[in-house]
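Before any questions on binding or motion, here is one chain by itself as C-alpha cells, the form predicted on its own.
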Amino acid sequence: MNSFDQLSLKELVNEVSNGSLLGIPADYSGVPMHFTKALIKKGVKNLRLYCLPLTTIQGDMLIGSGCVSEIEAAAVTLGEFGLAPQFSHAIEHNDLVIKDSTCPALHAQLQATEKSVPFMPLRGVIGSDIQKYRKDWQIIKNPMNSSGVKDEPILLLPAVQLDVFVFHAACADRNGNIQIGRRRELATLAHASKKVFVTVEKILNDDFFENELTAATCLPALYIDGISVIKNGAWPCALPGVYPADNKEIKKYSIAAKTKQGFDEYMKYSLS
C-alpha cells in the first residue's frame, strides 16, 4: 500500500500558474512531455523557463504555443534535427526574453539556493559576451588572499529558486521516493524548487532506502509534492534505461514547426 496519494494529471497541471518560474530538465533527464502537452492545453501564460542546462522539443512547444515570456538556458535546440524553429522565430521577432547562460552558471545559481546562500562564485565566463550582457551578474575582487593573485576578479551569480519543477521518471517506490539513477541534476533542480512534481511510468511495492544501491540513486520523498502515473510520459523524448527517443516523431515535429501553420497543425493533432 502506498504511503502517499497519487495526483491526477489535471491536479498536477493546476499546480503551475501564469508567470511561474518553471524548472526544465534536459532531454536526457526525463522530460515530462505528457504533462507539457496538458499544460499547453490548459493555456498557461507568461511562464519563465529555467533550463538545466538546455531544452529541446519541450521548450520549443511551450514557446510556439505562446506559454513562455522568458527563458534562461545554455541552449535551445532540436539536436541532430537542427534549430528549435519556434524558439528561433520568437527570438527573431522579439517575442521572448532570453537570459543567455552556461552549464556551470545554471548549476551554480541553483546550488546557491541549495546551500541557502545569496550567490555563488564562478570564474569561467568573465570577459565573455555572456557575462557582458548579464546585468544581474556582478564581478568583485577576490576577498581571499589564499589564491596568491593580486586583484583577482571573481564573478558572483545570484541564487535562483524555482516556483515549480516537474520531471518524468521510470518509477517511484511505495513511499514516494523517486528513482533518478545517475541524473543528479534532477536532485539539484528539486532542492532549489518550492514545489516538485513527478510523472512516473509505475510505482513499485518497494522501499528504495532498504537497499544501498537504490538508496544512492533516488530522490527522497521529502522533496516531492506530488506524483502522477503516466505511461510513456516522456514520449517522444527518451526515458534513459526504459525507452529510446522516437526520432521519427521528433523529425516530424522539426519539419512541421518551421512554419506557424505547420506548428499549429502539428499541435492540434498532438493535443487531440
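If you're wondering where the values come from, they're calculated on a predicted model, not measured in any experiment. Heads up: residue numbers just count along the shown sequence, starting at 1.
Missing here is the form predicted in complex with a further copy of the same chain; even so, the following discussion is about that form.
Remark: residue 235 does not count among the residues lining a further copy of the same chain in the predicted complex, judged by a heavy atom distance of 4.5 Å or less.
By the criterion of a heavy atom within 4.5 Å, residue 217 is counted among the residues contacting a further copy of the same chain in the predicted complex.
Using a 4.5 angstroms threshold between heavy atoms, residue 166 stays clear of a further copy of the same chain in the predicted complex. At least one heavy atom of residue 241 is located within 4.5 Å of a further copy of the same chain in the predicted complex. Applying a 4.5 Å heavy atom cutoff to a further copy of the same chain in the predicted complex picks out 111, 115, 116, 117, 118, 119, 120, 121 from 83-121, in order along the sequence.
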